[in-house]
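Just the one chain here, laid out as structure tokens, in the form predicted on its own.
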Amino acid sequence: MAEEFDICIVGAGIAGASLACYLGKHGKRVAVIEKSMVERDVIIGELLQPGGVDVLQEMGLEECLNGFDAQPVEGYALFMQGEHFTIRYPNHKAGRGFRNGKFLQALRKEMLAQPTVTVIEGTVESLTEIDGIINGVKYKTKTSDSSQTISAKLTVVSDGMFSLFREQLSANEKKVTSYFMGLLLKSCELPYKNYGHVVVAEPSPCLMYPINATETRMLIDFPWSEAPRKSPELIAYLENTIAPQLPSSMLPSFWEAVNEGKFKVMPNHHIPAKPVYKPGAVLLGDSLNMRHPLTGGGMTVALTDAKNLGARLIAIQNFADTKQVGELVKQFYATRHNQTATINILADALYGVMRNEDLKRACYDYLKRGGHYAHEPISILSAVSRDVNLLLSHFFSVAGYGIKNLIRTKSITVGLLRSRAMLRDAVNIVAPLVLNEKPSWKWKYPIKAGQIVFR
């Protein structure tokens, strides 16, 4: 293809497709290369938090939530050892539950409608460069065995969690923290209509939320070193460990799904954003940054990054000004944490809390108090608020509340020992997550001091 583009986007997932739409609406010449435009069937990326809905609206893409039976999600219901309560999202906002493939196809349809966006179905083989500057890609289409090239002033690498080019453009290491097994529950009677449901289960949590009028997604976390496989042992685990902890109204649909046996398993990755700037390229989406999907924050981060990067690129009048392009990419890398840090920290910190007996109990009891003890944390989880100070204040308040309850309900010796252990675990859970997100001195030095004390 002889034409040179302003921007080439590798991958038309949520991040890549939304960025292409956003840039196309502002007349930028964009080439998008996607391996397959067929609707995909995945079990994650099916809950968009209210903060993500807001970003979609700011990008002028809110219509992409229509036409495929997306369900409003108005808050969360939490269940633990026979108890339960609900927390409503702030300001009567709502998220959306949907099949990921349906939403992505809506974004892609909007992308294809942009006259300045060219979409190619093919596989990118490599990034091309001249004198150390990336100037496009080499690729093959689905219908050709010969390689072709595309030239662009900026190449956006957004090829997902299994990115082929992440190592060239970042210094991070991918870590699998657990596995989600997904079930599709049909005609499921959730205790609370239009709410996400979290069972604070042993040994780790289960999530449920509506994805259309008749189907509910259930995600069961497996904190194992290997992915769960269909076997008599797995069925026994679901029967003896998971089922007894679920709300009774769900069980008929749960057993129908188990007996149907259509299990899907996905690894849950922890990938802090540690980009290494290379002229002519930028990382975006899961290629750049991933967190545990427990809080459903992944799409919100992807859309937030697409909007923030896109707004900078829209301002460029002449993409031949490589210095300006490079400076704007560096600005994006340097400032993105201002909008994404709370989502990243909360996701992995909350998963760590859910794996710790005393912290899990403390968190549940703290949120159950209601008022600002529940409403402020849910504003963070929903990405309506992105205030890191608010997040960390509540995180350590949870630990303090747990210490108070342990000392009150246990003997002095047991209470003090378990309190110290819980505070140590809380510091060790959150410290590396905070330090990954360029914290201010207000948190950086106390967090490091805590690491030294509880080493």
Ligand SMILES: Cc1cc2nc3c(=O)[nH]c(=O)nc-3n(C[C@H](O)[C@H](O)[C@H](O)COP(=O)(O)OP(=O)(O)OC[C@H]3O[C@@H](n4cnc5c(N)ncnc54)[C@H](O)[C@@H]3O)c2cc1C
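Since the structure is predicted, the reported quantities are computational estimates derived from the model, not experimental observations. Residue numbers here begin at 1 and follow the sequence given.
Omitted from view is the form predicted in complex with the named molecule, to which the following refers.
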Please run the contact check for Phe254 against the named molecule in the predicted complex: heavy atoms, 4.5 angstroms, yes or no?
no
At 4.5 Å between heavy atoms, is Thr300 in contact with the named molecule in the predicted complex?
yes
Give a yes or no for Pro72: in the predicted complex, does one of its heavy atoms lie within 4.5 Å of a heavy atom belonging to the named molecule?
no
Does Ile403 reach the named molecule in the predicted complex if we count a contact as any heavy atom within 4.5 Å?
no
Looking in the predicted complex, is the named molecule within 4.5 angstroms of a heavy atom from every one of Gly160, Pro267 and Gly296?
yes
To test your reading of this chain, name the stretch in 348-356, 366-374, 193-201, 120-128 whose heavy atoms come within 4.5 Å of the named molecule in the predicted complex.
120-128
Of the residues spanning 164-188, the ones with some heavy atom within 4.5 Å of the named molecule in the predicted complex are Leu164, Phe165, Phe180
